[in-house]
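Take a look at the C-alpha cells below, where one protein chain is shown in two forms, each on its own, as structure 1 and structure 2.
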Structure 1
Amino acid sequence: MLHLKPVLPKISLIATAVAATILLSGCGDDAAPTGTVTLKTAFNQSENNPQYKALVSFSDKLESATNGRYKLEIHPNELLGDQRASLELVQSGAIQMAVVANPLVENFNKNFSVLAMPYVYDNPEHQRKVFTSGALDSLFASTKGTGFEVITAYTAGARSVYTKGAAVTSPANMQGKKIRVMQSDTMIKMLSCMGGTGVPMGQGEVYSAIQQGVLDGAENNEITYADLKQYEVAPYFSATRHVMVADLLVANENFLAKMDEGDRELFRKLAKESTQTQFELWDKALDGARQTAKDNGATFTEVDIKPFQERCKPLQSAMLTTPEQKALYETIRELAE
C-alpha cells in the first residue's frame, strides 16, 4: 500500500493530480525488490539544472553498478509539489528521494543552519571540500528516526540580490527593499542584516510577485535566475554572494534499511561521488546562465561585499548557540584555504 496521507498543501489541483498519478504508478516503498526498483525522486528545478544532470549520472552509475537492480526516476519542475511537500512524501515513503534546500532540514535539527550561514564558505572550492570531506557525515545521519536521512549535499552556488529599478551595491541601497527569501527564519534574518526586508515565499510565486510589485526583487544563484527568466522582472543582478545554501539529497529511511547491504554501500558511495560531478557541472553552467541573462537585458554589477559581511557578523554569532554548532562552524572554517 502507498501512503498518500501527507496531502500536498501548497500546490495547484492540476499539480496534485499529476503528482497522485505519478505516485500511484510503478512501485512504492512496499514493492517487492524484483526486477528494477525505481527510486522516485522529487526535484523542484528544471532539467537544465546541473543538479538534475548529476542525478541522471548518479542513476546511470547506480543502475550499472547494481546490474539493473536500482535506478532513479526523477520528477523535475515541482511536479511532486514544492520542497516542503516532497520532503513529506519522502518521510512517508510515498517516494524514495528528493532534493531539498538546507533550510527545510533545519526544522529537524538546528545544527544544519551552520551550512547556510552568511559568508561561512570563502568560495565554491571551499564548499566543495566541506561537502566531499566526510566532515558532515554525522550531521547527515542525525535526522534518522524522522523518516529520512541526508545522503549528500549539492551546491546551489552563491546567492546574490537582484532587483528592478537599480543595482544594490551597499546596505544603504537595501533599505526599504522587499526581497523574497526561502521560507526560513535564518534567511529572513540574513536579509535584515544586509539592510533590507526578507519576504519568505515559495520559489514558484516569485516571478509574479516581483511583476506585481509585491516585491522589489529576490535573491538566488545565476542558474536559477536565468532558468526561471527572473531577469525579465528584476534585471539588476548585484553580486552580493551573501550565502551559499546547500541543497540536500534526502532518502527515505525504510527504503535504505531494506536495501541489501552491498547495494546500500554502492548507493551511498555513488551518491557521494555525484556531489563531485555536480560541482563540476555547476561550474561549467555558470557562464552560460550569466550570458543568457545578459542577452535578455540583465545587468550584472560587482559589489564590495565587506560592508555586508560586517553587518552580518552579529547574525553569525547569534546562529552559533550550541556546542555542536560551534564545532561544526570551526570544522568548516578549518577547511578554508
Structure 2
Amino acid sequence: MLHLKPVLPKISLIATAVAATILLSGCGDDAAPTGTVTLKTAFNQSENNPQYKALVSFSDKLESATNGRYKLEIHPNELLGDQRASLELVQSGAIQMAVVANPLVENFNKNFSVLAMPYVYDNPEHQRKVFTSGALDSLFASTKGTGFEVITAYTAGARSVYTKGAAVTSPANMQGKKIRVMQSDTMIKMLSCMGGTGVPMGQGEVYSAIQQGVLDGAENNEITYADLKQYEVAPYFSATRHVMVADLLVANENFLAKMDEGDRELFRKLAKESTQTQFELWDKALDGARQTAKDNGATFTEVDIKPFQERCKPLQSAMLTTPEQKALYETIRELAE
C-alpha cells in the first residue's frame, strides 16, 4: 500500500516576512546557540491571559531545571502574527513554539476534532483530567513528520449560555431563543440540538444585538462575558458548559530532535506540568470574572447538563466518523468522574 507523506500548507506571506526578520536577527532554529538557548514562543493574547502566565511559569522552571540552558521568550498580542502564521513559523523552524487553536491542528489530523465536540467533557475537572492524564499522548505525537509536535493542551474555558429575561435550565427553556454562536456550522447545529437557534455573528455586534432584541442571548466563557460587559444586556448566566475549547502548545520537530535527551525529558515533563498550572490560573481568573459580573447584577445558575447531553448525542455520533475518533471519544468519556 502506498503511504503518502502529508503535504505541508504553504507558508503565508506574513509568516515568511516574520521568519526572515527572525532569521536575520540570528534567533532562528539554525542560529548557533551560545549560553542559554532562547525558545521563541508565539502567543496571540495579552500578558494577563492565564495561558501566558502558565508559559512564564514553564519558562522559569525550565531555566532552573536545566541550569540556565533553556528559557522561553514569549511574544504576546500576535507580535509574531496570528495563530495560523505562528504555526507556520514553528513548522519552518523560524521559531520554536506557539500556542494555537485546536481547529488549526485538525487540518493535520482530523482526530483532534474530538477534543472540541459538544459535551465530550462533563465539567472543567473532567477536561483537566483528560489533558493531564497522558491519554492524549499518542494523539499529540501523531503530527510528527509535519514539522511540529503537540506538547500539551491548555484550557480556553467552558462556553455556556447567557440570556436576558430568565435563566436556561433545560432544553425546553431554549425553545424560541436566538443565541449568538461563532461562525461555525457545528456550533449552529449544537444550539439546535440544545433546543435553541444558533445565530452566527461577530463578537463586536453581540452587545447591541441583545440590547435591540435581535438576539435573546449568547454563549461564551465567564471571562469574556465579564470583559465585554455582556452581563449588562444578558444578566442570566446558565452553566450549560456545552463546549470546552482546547488550545495546543506546539513545538518545532527539529528543535525537539536536537535537544539533549535529558533536557528533552525535562522539557516535556515541565510542559505537561504547566497544563495543571494553567487550569489553576484559569480558575482564579474565573472567580474574578464571576465576581465582577455579580457585582454588576448578573445571576449565575448551575445546570443539570444531562438532558442537553442526551439531545446532542446524534450530533456527536455524526461527528465520529472513524474508528480512531470513536476510540478517542471512549477514552475521554472513561475519564469522566
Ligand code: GCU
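If you superpose the two forms and keep the largest set of C-alpha atoms that fall within 1.5 Å, you have the rigid core. FYI, numbering is relative to structure 1, first residue = 1. Since the structure is predicted, the reported quantities are computational estimates derived from the model, not experimental observations.
Both panels show the same chain in isolation, but it is structure 2 that comes from the form predicted alone. Put the two forms on the same core and the Cα of K326 is off by less than 2 Å between structure 1 and structure 2. Once both forms are fitted on their rigid core, the CA atom of E302 lies 2 Å or more apart between structure 1 and structure 2. Comparing the forms between structure 1 and structure 2, the C-alpha position of L139 differs by less than 2 angstroms, with the core used for superposition. When the core is overlaid, the C-alpha of G176 ends up 11.4 Å from its other position between structure 1 and structure 2.
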